[in-house]
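Quick setup: one chain, the form predicted alone, written in structure tokens, and binding and motion questions come after.
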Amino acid sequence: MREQFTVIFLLLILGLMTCVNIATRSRKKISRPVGLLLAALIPPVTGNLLIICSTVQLYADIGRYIYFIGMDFVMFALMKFTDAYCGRPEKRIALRNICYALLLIDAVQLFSNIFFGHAFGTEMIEVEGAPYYTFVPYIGQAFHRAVDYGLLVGVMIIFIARMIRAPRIYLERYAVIFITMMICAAWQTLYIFSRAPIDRSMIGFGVFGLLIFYFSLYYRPLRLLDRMLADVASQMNEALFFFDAGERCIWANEPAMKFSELTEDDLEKVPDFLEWRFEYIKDLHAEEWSSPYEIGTGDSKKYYFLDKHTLRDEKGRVTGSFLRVRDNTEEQKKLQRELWCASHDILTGLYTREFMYERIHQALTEDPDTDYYIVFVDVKNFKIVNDIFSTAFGDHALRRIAARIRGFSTENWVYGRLAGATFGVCLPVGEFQEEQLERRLSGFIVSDGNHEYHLLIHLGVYQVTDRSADVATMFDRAYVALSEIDEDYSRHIAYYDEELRSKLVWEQHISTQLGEAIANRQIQPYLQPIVDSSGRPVGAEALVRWIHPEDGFLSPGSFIPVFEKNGMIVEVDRYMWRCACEILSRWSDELPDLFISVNISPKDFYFMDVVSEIKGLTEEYGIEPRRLRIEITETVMMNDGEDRMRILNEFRELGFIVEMDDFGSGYSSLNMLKDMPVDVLKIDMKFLSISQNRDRARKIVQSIIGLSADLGIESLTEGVEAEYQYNALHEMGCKLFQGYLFSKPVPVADFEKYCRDSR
């Protein structure tokens, strides 16, 4: 029998050592306390093995010391393990320190038995015909048992308290270890009172260590996991259906039960329900699949996402599967709303500019055999609508325009809002009904019940000829076509054609060359004489001409309107002012009494301080301000009239003479004449030529000349081409004249020769 126990203890020691090695390599937090406890169990088991095998008293005594002191080490390690396994060690610090002290005292008094013999002794008995040394307990042994049993009871109390406080599903992890400790304690107690020679209870302690190793590091409480997973699945919003290997539904969470409107007794009906609910569902019995599904139409439409997963064991055999049904209706509708908002204008519901460009490009690419129009829809003077009727009415008007576009359109149209009160449309050429559109646009009235307003809407149309061009460029060309009917109330549709394209190319051509033309003096001042009543030249008007190196002589009409539109007229005017000052400076000795009139365009006032610019030039060239006359048109006064009058008064205060050009050809009025701070009034002869009643026109001109004289304003008539005109105007009292009767605009040298010949 001693041989059998020897084998058993050797196997236990080997098992404990293996487990210690595994525990020290584990990364789990509990692994260190577990490894310590397993290592602590090896000495007492080894000591007991030595007792069993020994037939010599010395070896048996050594085994006793290893065994008893090793049990103190076991209790120390058991306390460490209990703190880590049961938690909350901070509440037992003081008590734990007392226990450690008792264990240390016990170990010392056991070791001192060598000297005092107070703890235990040994006596020889015969077991299986061989000597066996059993021990005789003394008072020190009683103290040892009290300490170890007392600490064991304390540890068991901690486990009991933990089992009471823990949820029921956690009971298993504490109960197994607690029961094992009870068995070991009972076994040890039975050995003490039985007086059996061999201590079999150490087998229980070894098994106890192995159980702790398993439950702490490897054991997974399946009931706990099952309960937790079931709780998690039940609390999920998604419907979950679980199937066994035979595709029979064995469990469904609460959302799944509500979705299917089935009870736990009807789980076998789940496959039939799913195939009915999702009419086009994939093979329900397929192992792995996922797919979106849509059910219903309109606002009641529902969106689902189904995915099925198959579960397998370690050998790859199917153990079951589960189907997840997720209702993502809100997500899909939110996504659709976001996509709609990203691609549609919020106010009108039409496409945004960027998305419309994308759709137009797609249409042109996918349908290369169809001719398309690009239409730029512009609501003229829309700011007036907002200013007069409020922005609410303006928004209503834009929505009405969008509704009309939808009403006219077919499935072949692409349309959207470009910006502000402009819209864009792309449609097949064959679907553009010009006459019908002209009729509807001529009577486009918007009403909100309280106000109504006739909107002037113009359409610029460009036929797509180059599909590789950028869509934005196509709309630019359609927009350019609008310039042909800018303020025309009788026409609403204009087309972009080659003539208009050539015009744009020309404008781009001369605009890019202006800087070089000024630097190389290709742009030159031509002077048209201004004469007095005797025909003697008293001054001239500086008029710009361009002697182009490639295009030859350019009349002002070919480039001045372009520069007035793009703002580059400012550079032209500044250059002409400097040229006039250079000429006047050169005339200071030979022609000191002559003046030059220079034009100021309306845009000059926006881009520079006109007074400072001209004043600086006269100072730079040493010219008297009266010799450089300032000529403005009456259109200058149409915007910011008060500011313009302040500027003209500044000119007059500095000594400049201010002239109003083209009086009678535009918006002239007596009120303007009354308030304008001018010195010279230039009367346009067109005032007489365009009238059907020449006698009445004559009387009006005579009245203007007389009235201006009474106001202290000098009269100058321009456009005089015939002798009879000159004589008639002279009789009316006009003092200064300008026109082809005297001379056309000529180069500076020719003008100087004209002046010399006239003297």
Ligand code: C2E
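For clarity, every value in this text was computed on a predicted model and none was experimentally measured. The first residue of the sequence shown is number 1, and the count goes up from there.
Keep in mind that the form predicted together with the ligand is not shown, yet the notes after this line are about it.
- Of the residues given (719, 70, 33, 63), 719 alone sits with a heavy atom within 4.5 Å of the ligand in the model of the complex.
- The contact with the ligand in the model of the complex, taken as any heavy atom within 4.5 Å, belongs to 662 out of 662, 378, 148, 345.
- Of the stretches 7 to 15, 747 to 755, 733 to 741, 20 to 28, only 733 to 741 has residues with a heavy atom within 4.5 Å of the ligand in the model of the complex.
- Residue 182 falls outside the set of residues with a heavy atom inside 4.5 Å of the ligand in the model of the complex.
- Taking the partner from the other structure, the ligand in the model of the complex has no heavy atom within 4.5 Å of any heavy atom of residue 267.
- By the criterion of a heavy atom within 4.5 Å, residue 402 is excluded from the residues contacting the ligand in the model of the complex.
- Using a 4.5 angstroms threshold between heavy atoms, residue 599 counts as touching the ligand in the model of the complex.
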